[in-house]
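As structure tokens, the next two blocks hold two forms of the same chain, structure 1 and structure 2.
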Structure 1
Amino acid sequence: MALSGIQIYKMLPKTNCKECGFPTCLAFAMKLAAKQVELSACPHVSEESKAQLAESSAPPVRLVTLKSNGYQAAAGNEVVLFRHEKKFFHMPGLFIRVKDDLTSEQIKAKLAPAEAYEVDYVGLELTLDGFAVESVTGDAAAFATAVQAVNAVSHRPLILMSSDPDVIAAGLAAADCEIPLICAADGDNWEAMAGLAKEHKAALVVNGRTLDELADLTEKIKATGVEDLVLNPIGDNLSQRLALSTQIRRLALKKNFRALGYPLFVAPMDGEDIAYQSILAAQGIAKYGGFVVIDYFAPELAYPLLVLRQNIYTDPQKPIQVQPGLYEINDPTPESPVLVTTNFSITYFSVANEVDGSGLPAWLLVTEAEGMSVLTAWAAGKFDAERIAKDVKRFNVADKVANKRIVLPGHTAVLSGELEEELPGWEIKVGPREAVDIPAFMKQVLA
């Protein structure tokens, strides 16, 4: 169980010595509770407290990291069931599967565009994380050849899929990957698979159709010294998969059930249509997946999945922001006024809704204010004449309007003088203090 700040504080020396870099022991305790600092920063903590705190800070879901040639894909260390409770920490790796019945040339042709795939989303360059090679021939040599073909195209982490330890052994020998993921151990092969994982320092997927079976296997495998495990609860449909994944995460977090405290594997399904694959992967991303494998690469699918993953894994504790920029409301013309506000989403929504509701056209300049509301941003120096003027220039507002009128939020009337200096040639108007008064203002003052 996670301890509260006060509970941790009681185990600290209470000297307020400041050596940890925080002003008081309680401040440090709260940072510890939020897992934003390491206990080792405290030079005076007793051994007894150390032991107690270490126990409470052990991650309920083990962090498993695949590594390959400088690439890595990590999953686990999650602490919540719902992203709003804190955040989801490690985005699931997205992997594209190939089968070993393809020729090397076919494999290269299929994977080359996936390997090269890169798409821009809000300034981030998103890519896929690696590839999975599945043995369908059952032939070790064919599998090794397929692995080599993949490596000829990509140096990213690999998932090696077969239930035959000999096939996996051949794949491991051929693979150019420091920590690959073996898929998978089951009730029949687990000893051999665990041996391979141990020998090659690989992570290991554990298959099971039931929670009992999964827990049983992880305990046995863990006893052999292999700890980087990934669970694959086999479900026949979306409903079963959702139920199993939810229950595993719940047991790990709420019951601290170590036998299921591992990241989840989301396997692709054979023989389903592309539409179904996309839904399956989307569910995997939203609902606790750690390594998500899809059978099909196409930019029009990869892009939305990568964006979904990015969205679900954003930090919900950060202020909700909208993209700064010049927004058009009710088809503005060069004659329409420019209203300015900050990029805090609630502020933006209230202003945009009122302007929209007024039925009058306007430009809405949303400035970069680090997601703060108008007053907060102004207080913190993030919404001043200089910054507004900068964004007027950055978003080429002058090119869009003939009538250079800019309307400040009423609460920041004090900025009007300076803004006149910063924006020569512009008429600076002071709008109402509250968004709700915008329509009246637009009708009476700006009309």
Structure 2
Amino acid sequence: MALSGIQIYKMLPKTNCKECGFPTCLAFAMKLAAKQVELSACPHVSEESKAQLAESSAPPVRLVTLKSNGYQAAAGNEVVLFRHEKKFFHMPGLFIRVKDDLTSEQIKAKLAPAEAYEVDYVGLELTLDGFAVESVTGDAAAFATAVQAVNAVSHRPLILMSSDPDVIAAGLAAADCEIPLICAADGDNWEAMAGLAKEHKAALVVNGRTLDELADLTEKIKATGVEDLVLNPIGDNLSQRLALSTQIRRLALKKNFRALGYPLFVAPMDGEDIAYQSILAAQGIAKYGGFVVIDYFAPELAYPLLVLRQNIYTDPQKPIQVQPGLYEINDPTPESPVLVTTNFSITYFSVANEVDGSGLPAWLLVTEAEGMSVLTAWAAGKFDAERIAKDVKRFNVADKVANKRIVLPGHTAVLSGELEEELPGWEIKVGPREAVDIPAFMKQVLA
């Protein structure tokens, strides 16, 4: 039963010490009741109160973490329906599925490119989170062999998929994974699956076509001592899946309905093609998947899904930023010019895409401007000669170039004199005001 802010306040130390980040214990209690902070933020709460408040203060969606050899994929602990209310915290894991009717060599050939896939996205390394193995043969030995083939390629977290407990048991015995995800328990096999999950300290997917069915199963399984559950609301089409997922999230957040307070599992059914699966995965990432499985790997499929996930799980109250640094475009040489911009993502992409499309080599110095665009950062005092010079030194730009030319955005021409003082020996150029004019400027002025 959820406690009110006043009820929680009565169990707090009432010292108003402010160490939790709030001016009073009452303010902290109100935030705790709204699931917007964690009880651990209060350093002085008594052990007795912790025990009483543990259930009430727990996040409405349980955190479930899969672990394997230093890798992990976590989902849950979310407290809002919409990202503009507050940042989403745990990005859904993206998994590639193989089936045990393939040979070991076929499995390795399919997964090797996915395991090696890594793409730089504005200073962030995006990769896949793990792999799923599904039994379609019903043969425990074949399933174990398939799991071993995956282990030979990757040490990332695993999802083991079968409705047969004996098959899952064989997969668990073969898996090189600290905390795998078992998929799935249903009305017929839940006792055996719960036993395996408890024995192997695994997380467990619960299948159900209705909210009542899911809630009933989670309560039964939780009573056996298995806490880490993942819900798989089965729908026959995208609309049904979306409706069930949204209802589950609402009940968990708005009604604090603990029986449905778990991350969601999203996986395609047999026969769904790559186009349908890409839509299903995108829908799952947006609403409200925790572990998302697809059958196909291709860079042109993985990249947009990973970028979509990254964008949804940024903080909406902060600008989308690029990691400050010195970026290489079109294999620059020491004679190539250095262009300067801020770390607002749209600004970065506007400049980088124009230079890249021109085929001309250049160094792009992205300066720390708290995610603001050039004019906004300049007006706020976050993009000035001192900061630019500081980043020139911080990223060792002088060591990369022989022809010390640096190009300012046209809107900040006023900084050229100050930058000359900050960077003696550098030639300061003022570039165009619009990114679209950069290629012509590079050909006509910098050539």
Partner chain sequence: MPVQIPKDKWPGQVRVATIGATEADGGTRTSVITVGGEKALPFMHFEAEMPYRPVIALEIKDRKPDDWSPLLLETWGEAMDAPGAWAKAAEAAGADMLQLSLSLTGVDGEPNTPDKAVTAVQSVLNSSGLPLAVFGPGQKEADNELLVPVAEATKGERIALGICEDKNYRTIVATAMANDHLVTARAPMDVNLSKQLNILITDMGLPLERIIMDPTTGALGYGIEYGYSVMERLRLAALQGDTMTQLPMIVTPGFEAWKAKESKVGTGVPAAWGDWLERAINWETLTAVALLESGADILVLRHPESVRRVRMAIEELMEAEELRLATGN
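Small disclaimer: the values here were computed from a predicted structure and weren't measured. In this text, rigid core is short for the largest set of C-alphas that superpose within 1.5 Å between two forms. Numbers follow structure 1, counted from its first residue as 1.
Chemist: Just to confirm, one of these is the form predicted alone and one is not; which one is it?
Modeler: Answer to the question: structure 2 is the form predicted alone, whereas structure 1 comes from elsewhere.
Chemist: Once both forms sit on the same rigid core, is the C-alpha displacement of V64 at or above 2 Å between structure 1 and structure 2?
Modeler: It does not reach a 2 Å shift.
Chemist: So, does E368 move by 2 Å or more at the CA between structure 1 and structure 2, with the core held fixed?
Modeler: After core superposition, the displacement of the E368 C-alpha between structure 1 and structure 2 reaches the 2 Å mark, so yes.
Chemist: Once you overlay the rigid core, does the Cα of G359 travel 2 Å or further between structure 1 and structure 2?
Modeler: After core superposition, the displacement of the G359 C-alpha between structure 1 and structure 2 reaches the 2 Å mark, so yes.
Chemist: State the core-superposed CA shift for A385 between structure 1 and structure 2, in Å to one decimal.
Modeler: On core superposition, this C-alpha lies 3.4 Å from its counterpart.
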